[in-house]
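In structure tokens, the next block holds one chain alone, the form predicted on its own.
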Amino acid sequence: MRRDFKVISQWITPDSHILDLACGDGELLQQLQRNKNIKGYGLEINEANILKCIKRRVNVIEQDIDEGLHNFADKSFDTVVMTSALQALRNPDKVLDEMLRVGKECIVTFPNFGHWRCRLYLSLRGRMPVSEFMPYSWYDTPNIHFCTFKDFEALCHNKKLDIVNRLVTDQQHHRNTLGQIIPNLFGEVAIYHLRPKLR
């Protein structure tokens, strides 16, 4: 199992109801079904990934999450998960609202565009970074909303969300000391566990 999925799995309550947005090939949901006895659905728009979900016996719905989650009732899931898709959405702030409307809590992962390699690449070359981790040019990238950890935490503050857990890792989802000390500069990927603040 992917290391980020292992972290996410630790934050999921056994026997809970899960919605996985942009679920890819269904690996996370399959593992949660096996190891945590969860019940849930994945949402995906890529046909090849939908077929992989079906082969894994994962409940999957073809749906564009940028269009909202109107087909789900308020608080119909314990946790809503979205891995590595936030930066590719047209309206990430609205999707975050929807995640916490249909779920009691959410878990989100995304790459940090404030990482020192991105900053160095841009300052030395004067061009948008292209790397093995982000192998796209500016004109064909699926990443349309670049953000840093500080940007995301400011959004959480504005939306009055509690950060229950946060883990900062490198590309391979390993923790490192510098990433823990100065996450916005040395962290490459973040995993956030969020809930609405109690009023």
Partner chain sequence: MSEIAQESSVGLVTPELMSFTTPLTLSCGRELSQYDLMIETYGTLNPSRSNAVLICHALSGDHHAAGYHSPDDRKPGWWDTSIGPGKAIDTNRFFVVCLNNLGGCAGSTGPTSINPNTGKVWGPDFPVVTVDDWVESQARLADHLGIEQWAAVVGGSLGGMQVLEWSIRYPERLRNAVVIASAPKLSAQNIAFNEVARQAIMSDPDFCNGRYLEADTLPAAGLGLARMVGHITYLSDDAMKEKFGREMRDTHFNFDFGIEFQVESYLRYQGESFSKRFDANTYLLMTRALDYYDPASRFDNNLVKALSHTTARFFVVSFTTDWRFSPERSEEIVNALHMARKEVSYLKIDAPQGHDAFLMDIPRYTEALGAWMSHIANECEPGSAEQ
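Numbering follows the first chain given and starts at 1. Not measured: the values here are computed from a predicted model.
Only in words, not in the display: the form predicted in complex with the partner chain, which the text now covers.
Heavy atoms within 4.5 Å of the partner chain in the predicted complex: does Ser76 have any? Answer yes; at least one heavy atom of Ser76 falls within 4.5 Å of the partner chain in the predicted complex.
Asp162: heavy atom within 4.5 Å of the partner chain in the predicted complex? Asp162: no contact with the partner chain in the predicted complex.
Do Ala154 and the partner chain share at least one heavy atom pair within 4.5 Å in the predicted complex? Answer no; every heavy atom of Ala154 is more than 4.5 Å from the partner chain in the predicted complex.
Would Val130 count as a contact of the partner chain in the predicted complex, using a 4.5 angstroms cut-off between non-hydrogen atoms? The answer is no: Val130 has no heavy atom within 4.5 Å of the partner chain.
With the partner left out here, if you bring back the partner chain in the predicted complex, are His17, Arg57 and Asn71 all within 4.5 Å of it by some heavy atom? Answer is yes for this spot.
Can you tell me which bits of 21-56 touch the partner chain in the predicted complex, meaning any heavy atom within 4.5 Å? If the 4.5 Å heavy-atom criterion is applied to the partner chain in the predicted complex, 21-56 yields Lys39, Tyr41, Glu47, Ile50, Leu51, Ile54, Lys55, Arg56.
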